[in-house]
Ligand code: PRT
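Starting off, we have a lone chain in the form predicted on its own, written out as structure tokens.
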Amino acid sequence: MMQRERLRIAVQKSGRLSDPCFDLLDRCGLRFRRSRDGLFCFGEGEPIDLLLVRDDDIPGLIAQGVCDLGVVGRNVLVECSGAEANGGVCALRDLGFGRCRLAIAVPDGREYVDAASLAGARIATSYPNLLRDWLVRQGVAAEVVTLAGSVEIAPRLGTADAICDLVQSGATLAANQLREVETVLESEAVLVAAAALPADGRSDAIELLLRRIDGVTRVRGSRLLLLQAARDCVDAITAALPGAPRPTVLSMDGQPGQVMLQALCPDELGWRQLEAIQRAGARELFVLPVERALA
């Protein structure tokens, strides 16, 4: 295989991870020009390109050396890791979006006490490896029915007694008269790579990407709070800050008894929280969104 000097990342062409993935890359300062066929994105400014594919294909593309990195759900990574052709692909970073769970659900009218209630049942799923591993851990003998899609309708069609599928809000289960009873795997988007990372010029691009991803994910949802106060109010204000951050205290020229505080709060600041901080002695409060940070 011809050696490449540009880093190539496999990402989902369309689906629930596609838009959040491109948003993350945009926050990392990466810009791309898409090819006419819509399957390739050429990086502008950094030697990083994207290959747009089905998420199920991503672990295999990395294992084969076609791509260096990929963005997939943990469910896909773990489901495919048992395949010999995909061995050695591992997660580098949790990305904090695409959160869901692989869950077992049964029809509303079916009695369920615990995992033993599934003994002898037919369970439909698109994740047979994950389901079989879970059943083994639970000591339950059940039949795994592998389906490529429309898993949730299998009980109504009479082809399964229960299902094992991805769940986010649970609305799809409710619409199909199903109720969630067990969680097989908690999942979110992860950045994956082969166990042996490239040792050529691509390694610099990987370090750059990881540093920028860390800078974005570390402060995702955070707010920078700026305020003024009397110096003797600092302790009370600090106690009122959500998430217990340690504020930076800055002296104000010509006003020895006054200070300016800045604090990175891990969650959004609501009106009641701001009003509590104000009652503690703060004034001139400003709340700013934080997009990225470098340590």
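Predicted model only: the values in this text are computed from it and were never measured. All residue numbers are counted from 1 along the displayed sequence.
Keep in mind that the form predicted in complex with phosphoribosyl ATP (PRT) is missing from the display, and what follows is about it.
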- Task: Quick one: from 215, 128, 96, 170, grab the residue that has a heavy atom within 4.5 Å of phosphoribosyl ATP (PRT) in the model of the complex.
- Result: 170
- Query: Of the options 76, 160, 103, 206, which one has a non-hydrogen atom that comes within 4.5 Å of phosphoribosyl ATP (PRT) in the model of the complex?
  - Reply: 76
- Item | residue 49, heavy atom within 4.5 angstroms of phosphoribosyl ATP (PRT) in the model of the complex | no
- Just to confirm, residue 187 within 4.5 Å of phosphoribosyl ATP (PRT) in the model of the complex by heavy atoms? yes
- Contact of residue 166 with phosphoribosyl ATP (PRT) in the model of the complex (heavy atom, 4.5 Å): yes
- Message: Contact with phosphoribosyl ATP (PRT) in the model of the complex for residue 55, defined as at least one heavy atom pair within 4.5 Å: yes or no?
- Response: yes
- Message: Looking at 133-141, 112-120, 171-179, 192-200, which stretch has residues with any non-hydrogen atom within 4.5 Å of phosphoribosyl ATP (PRT) in the model of the complex?
- Response: 171-179
- Query: Even though the chain is shown alone, can you say which residues of 14-38 have a heavy atom within 4.5 Å of phosphoribosyl ATP (PRT) in the model of the complex?
  - Reply: 14, 15, 16, 17
